[in-house]
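This document opens with one chain alone, in structure tokens, the form predicted alone.
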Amino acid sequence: MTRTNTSDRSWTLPAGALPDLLAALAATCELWTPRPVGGGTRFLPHGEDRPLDLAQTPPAHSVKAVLFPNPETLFTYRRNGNDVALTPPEPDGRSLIVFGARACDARAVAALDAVFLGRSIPDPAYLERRERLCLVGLACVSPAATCFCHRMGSGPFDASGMDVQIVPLDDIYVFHLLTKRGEACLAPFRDRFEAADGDTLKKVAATKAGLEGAEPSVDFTALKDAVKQHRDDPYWETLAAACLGCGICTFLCPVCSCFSITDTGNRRGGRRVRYWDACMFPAFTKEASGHNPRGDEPARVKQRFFHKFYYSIENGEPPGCVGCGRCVIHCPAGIDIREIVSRFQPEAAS
């Protein structure tokens, strides 16, 4: 993506004017915003039925559900005699704006891109949404205690992968337009904004400086090598003894992308549907012969973390963790991925 000069593309919006801006965006594009559902927050199509929630850091559910829906109809089919007609979903065509994504989710999109677009044949359903996407991110001015994005090479103000970054500041929002796509999405509403002055930008810089991580970032190449050297470490058995195999970590992870496909209908017609799946489930790798190469819990637990910290990096893709901390918060067994990373850091894995 081509980036603009941010010093010339920093705008301010009064906090009270945000609802009207979102309503105007929703009238012209497909807009997703974070909304409270139960005890958490998830990205939903923007509407007046639920209040906006920009406070939960990060939202309980990630941007993954927008680009990689669950479930997702890949096509419908209709049989007419010996002929079968396949009909993919009608493309939306409008700009797709995800508003309020944090740095961890923006970086996770790059990992999803590697899976769905970086292989030999791009996934057409994902590609259609990705090409329309304008990611309007939100800097984390109050990171949660479970956040560790700085250790994963990021940070609360990391704008990687964003088209626009918003910084909450007192009673205003500062919009940094980072790409041509971000500029194009907000250009029709330019008259709602004021140009950010020097004092405002200094406040933004001071806020960012106060949130710089004290711990060093992980050396992923060294971590990959350390994990490989400890393939047979008894620690995997210890983790497996605690793991419930429920898949919560997989479904909440903004990077995990395993799926299964099911045909529903009858011989006259139906649809092919893609569902999220998890490598933690016993049947995920079960073969038609009945053989399961990862038939026990320790093998599945090890596979999950090898995928994140060995296979992805070995294949030249982004690491499988962005430090969002969702799995730390919601794992019912109390498994903490930060402890796993620390254990297999080279200095701790001797």
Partner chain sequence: MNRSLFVPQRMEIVKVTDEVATHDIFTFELAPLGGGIAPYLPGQFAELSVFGAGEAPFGYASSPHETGTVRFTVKRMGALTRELHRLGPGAVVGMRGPLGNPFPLDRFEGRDLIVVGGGYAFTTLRSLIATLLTDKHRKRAGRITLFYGVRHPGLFLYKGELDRWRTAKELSLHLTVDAADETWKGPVKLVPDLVRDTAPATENAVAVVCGPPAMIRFTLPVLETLGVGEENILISMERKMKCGVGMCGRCNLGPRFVCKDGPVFTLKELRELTDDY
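Positions refer to the first chain, counted from 1. It should be emphasised that the depicted structure is a prediction, and the values quoted were computed from it without experimental measurement. We call the rigid core whatever largest set of C-alpha positions still superposes within 1.5 Å between the two forms.
The form predicted in complex with its partner chain exists for this protein as well; it is not shown, and the discussion that follows is about that form.
Peer 1: So, in the predicted bound form, is residue 283 in contact with its partner chain at a 4.5 angstroms heavy atom limit?
Peer 2: Residue 283 belongs to the contact set for its partner chain.
Peer 1: Does its partner chain come within 4.5 Å of any heavy atom of residue 171 in the predicted bound form?
Peer 2: No.
Peer 1: Should residue 84 be counted as a contact of its partner chain in the predicted bound form, where contact means heavy atoms within 4.5 Å?
Peer 2: Yes, residue 84 is a contact residue.
Peer 1: So in the predicted bound form, does residue 216 come within 4.5 Å of its partner chain, heavy atom to heavy atom?
Peer 2: No, residue 216 sits far enough from its partner chain in the predicted bound form that none of its heavy atoms falls within 4.5 Å.
Peer 1: From the list 225, 183, 233, 123, which entry has a heavy atom within 4.5 Å of its partner chain in the predicted bound form?
Peer 2: None of the others qualify; the residue that does is 123.
Peer 1: Heavy atoms within 4.5 Å of its partner chain in the predicted bound form: which stretch in 93 to 101, 175 to 183, 256 to 264, 158 to 166 meets that?
Peer 2: Looking at the partner contacts, the answer comes out as 256 to 264.
Peer 1: Using heavy atoms and a 4.5 Å cut-off, decide whether 79, 116 and 310 all contact its partner chain in the predicted bound form.
Peer 2: Judged in the predicted bound form, 79, 116 and 310 all sit within 4.5 Å of its partner chain.
Peer 1: Relative to its partner chain in the predicted bound form, which residues of 159 to 181 have a heavy atom no more than 4.5 Å away?
Peer 2: Not one residue comes within 4.5 Å of the partner.
Peer 1: Establish whether a shift of 2 Å or more occurs at the C-alpha of residue 268 between this form and the one not shown, with the two forms superposed on the rigid core.
Peer 2: Yes: residue 268 shifts by at least 2 Å between this form and the one not shown.
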